[in-house]
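One chain follows as structure tokens, the form predicted on its own.
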Amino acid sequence: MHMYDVATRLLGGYAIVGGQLPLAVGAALAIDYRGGDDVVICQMGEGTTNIGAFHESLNIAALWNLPIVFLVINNQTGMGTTVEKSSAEPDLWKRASSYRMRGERVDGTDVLAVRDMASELIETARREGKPALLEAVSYRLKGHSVVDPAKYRTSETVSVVRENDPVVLWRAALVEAGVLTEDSAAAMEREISAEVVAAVEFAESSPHPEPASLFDFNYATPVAGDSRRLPADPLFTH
């Protein structure tokens, strides 16, 4: 949450459910307006498909033929409620038909299946300006957050979920194919763990930003009359 990285073209993680959808459509509109060949991938959870911004964003993308692929990571449990009990149409990929765009479902635990289908939809969006909806069915290894004990799932279900962890499955497939060895895979895991630890240490040792910097990037260029008033500041000064 709250990640943003220009170098990898990650336009952020958002705490508000569905908050990223209108922004992603705006990015796709900018690409189309400038005549570029980039494509936006807008990722969301299955719960997002029930809010207004989802339908509004797909509608605009279809009307304006914007280069965007909406990727729904369906781990089958919104917070503590299953998709079947929260969505009148639990086959989420079918919702694309409401906007006359292509909808597909793929096994989210199969890395190659996701790559191949996503690549196909991306190329169609790039070549024809046709948006699409891709539903990747997967599993959630833990609760919705650190305070969620996930009591709504049995230990047997969790055991099956862990066995189908796509990272574990992909590691095994690469070792079996001879792309990795057990030693090289273990070395990669150690390297990743060290990188994560370093990132956490950097974050914890970094100073908090000054409140006055809150509005620094509201606009790309200076705007006359831009208010930089903080919540506790008076409306008028003498």
Ligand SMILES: Cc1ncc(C[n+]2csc(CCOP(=O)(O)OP(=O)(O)O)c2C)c(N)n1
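We number the residues from 1 along the sequence you see. Model, not experiment: these values are computed from the prediction.
There is another form of this protein, the form predicted in complex with the named molecule, and it is not shown here; the text below is about that form.
For Arg105, no non-hydrogen atom is located within 4.5 Å of the named molecule in the predicted complex, even though that partner is not displayed. Taking non-hydrogen atoms only, Ala15 approaches the named molecule to within 4.5 angstroms in the predicted complex. Under a 4.5 angstroms non-hydrogen atom cutoff, the named molecule in the predicted complex lacks Asn164 among its neighbouring residues.
The named molecule in the predicted complex comes within 4.5 Å of no heavy atom belonging to Gly26. Remark: of stretches 32-40, 182-190, 45-53, 202-210, the one touching the named molecule in the predicted complex is 45-53 (heavy atom within 4.5 Å).
Distance criterion of 4.5 Å from any heavy atom to the named molecule in the predicted complex singles out Met79 from the list Met79, Val168, Leu112, Val160. Contact with the named molecule in the predicted complex, judged by any heavy atom within 4.5 Å, is made by just one of Ser87, Thr124, Asn75, Ser98: Asn75.
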